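Just one chain is shown here, as structure tokens, and it is the form predicted alone.
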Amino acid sequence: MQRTLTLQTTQHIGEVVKLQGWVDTKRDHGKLTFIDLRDRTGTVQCVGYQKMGELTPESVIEVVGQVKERPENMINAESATGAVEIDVREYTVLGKAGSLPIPIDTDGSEIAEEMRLKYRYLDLRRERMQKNVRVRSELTRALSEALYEREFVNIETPMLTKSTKEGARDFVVPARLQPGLFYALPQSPQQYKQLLMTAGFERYFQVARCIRDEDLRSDRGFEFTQLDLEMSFPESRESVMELVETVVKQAVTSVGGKMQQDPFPVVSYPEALEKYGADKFDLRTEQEKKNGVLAFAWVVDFPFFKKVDAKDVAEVRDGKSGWTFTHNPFSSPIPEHIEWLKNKEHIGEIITAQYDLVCNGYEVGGGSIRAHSPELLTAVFEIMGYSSEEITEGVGHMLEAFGVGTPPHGGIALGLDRLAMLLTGETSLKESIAFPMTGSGKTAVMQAPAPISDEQLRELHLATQLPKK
């Protein structure tokens, strides 16, 4: 017998069906036992006469029974299957559940984060988390479909790459076959997507995993996911912004998101600081906050360079001259400031062709028109104090690619974690990620970081020297 989903039971009144799922709730009434059986589509009430009394909540079972209409006075109008019930003839326990280490019949807000993440496979069963993960999935699909409609090509880029200057510390991986050498995990696909423009694909995107060793907070972790895109021959930064805005609006509305303004307002960086005190701001009214409205806005006209923050290790490493980039070194200045960059003058006044997309006080996207000539990219690193040898070592592959005919191009990275968080009305990224890390950087469920064996250390030609306690 083929499996029937709970939501489909209303189409099979009078028939015998087979259901499979979890015991959501159980109620004993003498010789009658009532359970609500849950699967991915919802729940349906199952009734057993002198059977099912030993079942425990969250056990996985298979039920065979007849679909019957409930008496009119017993219909549950709040449930999609509230007009039917299953008269259980036989059942099988497929996976018995013992006592649960955490309750899952609440929204989980009363449970300590450490326990929720330790038992994340249980935590994800709760209705709120099921909804969050599914909304994220639908958003990812909608964004991808919108880009396919506009002739973008989905291309994966490597996870093992080279340590480069992208604004944060790298996570590094020892190369077993090349002792003493290391790969770096990608902070972003930035360089590879620019190389794809050199390769002639013109319109690229991917759902990209990015990994940065930076300070943890509620809206950022070591790992994050972005919808990354790049396009060749843009007429201007505004043309890229217009395409991205169209894609975002199409995707967000398709998953039920409500937007405040259309088109999105455009605010300059100086105006944002003067008016809102920050370049990430919330334009919603109190009523709009209660109603889950999304207030998108663009921020433009950022300074290209800033003075190095001596307390920021990554900035100190990147900015050898005391100057470092505000967003990334691969951007282009606005057309009026290209000569300033080439001549390395008015450094603090150079404006980058960068654009950030903000929503409800969060940055949910960032991109720019890129440097596509060796001269511009070289000038950026020279301003930051790099020698010719260091520039060749760090980005020589980019300079070489730019020398064989690279078109003008620009793009953006949209933060899927943050967009999903905002769409679901959450305030922490962890609520939009299936298996997030803890606030101290430990993995969910599996205990990492963790030691590796002496044999693995020898294979990797590594030794550890821990401080004495």
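For clarity, every value in this text was computed on a predicted model and none was experimentally measured. Numbers follow the displayed sequence, beginning with 1.
Unshown form predicted in complex with aspartic acid (ASP); subsequent notes refer to it.
A.B. asks: Counting only non-hydrogen atoms and a 4.5 angstroms cut-off, does P234 reach aspartic acid (ASP) in the predicted bound form?
C.D. replies: P234 lies outside the contact set for aspartic acid (ASP).
A.B. asks: Is D318 close enough to touch aspartic acid (ASP) in the predicted bound form, meaning at least one heavy atom pair within 4.5 Å?
C.D. replies: Output for D318 is no: heavy atoms all beyond 4.5 Å of aspartic acid (ASP).
A.B. asks: Contact with aspartic acid (ASP) in the predicted bound form for D228, defined as at least one heavy atom pair within 4.5 Å: yes or no?
C.D. replies: Although aspartic acid (ASP) is absent here, D228 would touch it in the predicted bound form, with heavy atoms inside 4.5 Å.
A.B. asks: Taking heavy atoms only, is T326 within 4.5 angstroms of aspartic acid (ASP) in the predicted bound form?
C.D. replies: T326 lies outside the contact set for aspartic acid (ASP).
A.B. asks: Which is the contacting stretch out of 67-75, 135-143, 90-98, 362-370, given heavy atoms within 4.5 Å of aspartic acid (ASP) in the predicted bound form?
C.D. replies: Of the options, only 362-370 has residues within 4.5 Å of the partner.
A.B. asks: Only one of G48, P436, G415, G411 gets a heavy atom within 4.5 Å of aspartic acid (ASP) in the predicted bound form. Which one?
C.D. replies: Flagged contact: G411.
A.B. asks: Of S332, T81, Q190, Q206, which residue is found within 4.5 angstroms of aspartic acid (ASP) in the predicted bound form when only non-hydrogen atoms are counted?
C.D. replies: Residue within 4.5 Å of the partner: Q190.
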